[in-house]
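The data below hold one chain only, encoded as structure tokens and taken in the form predicted alone.
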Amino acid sequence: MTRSSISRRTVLQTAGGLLVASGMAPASAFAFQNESREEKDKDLIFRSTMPRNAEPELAKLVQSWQTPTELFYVRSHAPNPVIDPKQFKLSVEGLVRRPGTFSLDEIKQMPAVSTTATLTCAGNRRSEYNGSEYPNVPNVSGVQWEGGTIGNATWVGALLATLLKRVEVTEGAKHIWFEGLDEIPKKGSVIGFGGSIPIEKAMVEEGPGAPLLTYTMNGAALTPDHGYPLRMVVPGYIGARSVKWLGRIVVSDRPSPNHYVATAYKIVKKTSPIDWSESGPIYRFPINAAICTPAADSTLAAGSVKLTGYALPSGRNGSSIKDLLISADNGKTWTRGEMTGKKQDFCWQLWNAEVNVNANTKELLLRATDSSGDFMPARIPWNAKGYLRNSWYRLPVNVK
């Protein structure tokens, strides 16, 4: 079937950005977008502006357990679509007895659920793949993220399971596809960003791991950068599965054929067709952690140094950070970090520590384990797309 035509009616893409089709988007849509760009862009480091890809400074990122929207990373593959919420329709089709469309108001009339969950990009820390640790391999492609493509927010929306029960999923359903209303040029055509998740995850309806059709973030309507007016939030899974600007859901017996499931967001050594075909889509995110203060390449005085950072347990129900260790002497001795703030399923934890450094300290090492038995390895194999970098975090410093 063809993609929903809503985005093509409400947005025109031009070389200079976006123009709203005449009469389709209210003036408030422009104000909403301009506020996002003019007032909030100053809080982020932009890796690209068309499309918009940005992450916060690490020191700002860990100032609070709940990430302010203006400090939440932005990951997009096309310009933000401008969508009139009054004309918005979410289509649901495929292996269901009652296919149909739902307006934003109809979705908001379903029981609202609030959850706090961490989203993280599969490419977080990607830039670390490009260095002397991996000789004789090309630099990884993609946005060269540091450690800031992660954030913890409170989301409100309707349970995906509620919607799927309403349309009556039939036997044989195994995967739920999501498709966004953004428009991405691919091989001579235009596609929306897509994702899919197993039916077992989609039908979770109790606890913080339940996927949500989300319309608010941190107590306010979603911003254009974060999927206004509707997006998926899938706790425990990489951010690519939490599709923004959601316009279409398909219930199927197989994973989505969308490029961002069938080809991208897989761990491959090479990018040949057979490598893509033999590798499965990434779903759950692994344990990860970073040192956020001091900054990389800081000049430190010998003696005691205070550190702060974040640690994300693996995306399993009930998983939490069990141990977090820092070394200032290349792994000879380790100091235990202290978890601070809240501990909650599918959320990161913040930490602080104090270590002694001297003239021989060239870098600070960080590693962690979680209650599920997952751990950050000393080294992970290189992959062509630079995904899931979760080896020991290494912070270069200069000590006088």
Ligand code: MTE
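Residue positions are given as counts along the sequence shown, with the first one as 1. All of these numbers come straight from a predicted model, not from anything done at the bench.
There is another form of the same protein, the form predicted in complex with this ligand; it is not shown, and what comes next is about it.
**Q** Quick one: in the predicted bound form, does every one of F72, C121 and D225 get a heavy atom within 4.5 Å of this ligand?
**A** Checking in the predicted bound form: F72, C121 and D225 are all within 4.5 Å of this ligand.
**Q** Taking heavy atoms and a 4.5 Å cut-off, does W245 contact this ligand in the predicted bound form?
**A** Looking in the predicted bound form, residue contacts with this ligand include W245, since a heavy atom lies within 4.5 Å.
**Q** Please tell me whether any heavy atom belonging to L163 falls inside 4.5 Å of a heavy atom of this ligand, as the geometry stands in the predicted bound form.
**A** Contact with this ligand, no.
**Q** Taking this ligand as it sits in the predicted bound form, is E128 in contact with it (heavy atom to heavy atom, 4.5 Å or less)?
**A** So E128 does not count as contacting this ligand.
**Q** Should G239 be counted as a contact of this ligand in the predicted bound form, where contact means heavy atoms within 4.5 Å?
**A** Contact with this ligand, yes.
**Q** Name the residue from Y215, Y265, W177, F88 that puts a heavy atom within 4.5 Å of this ligand in the predicted bound form.
**A** Comparing distances to this ligand in the predicted bound form, the residue within 4.5 Å is Y265.
**Q** Which residue, S76, S256, N288, S319, has a heavy atom that falls within 4.5 Å of this ligand in the predicted bound form?
**A** Spelling it out, the residue with a heavy atom inside the cut-off is S76.
**Q** Pick from 113-121, 278-286, 93-101, 206-214: which stretch has non-hydrogen atoms within 4.5 Å of this ligand in the predicted bound form?
**A** It is 113-121 that comes within 4.5 Å of the partner.
**Q** Using a 4.5 Å cut-off on any heavy atom, which residues of 190-217 would contact this ligand in the predicted bound form?
**A** Going through 190-217 in order - heavy atoms within 4.5 Å of this ligand in the predicted bound form - there is one hit, F193.
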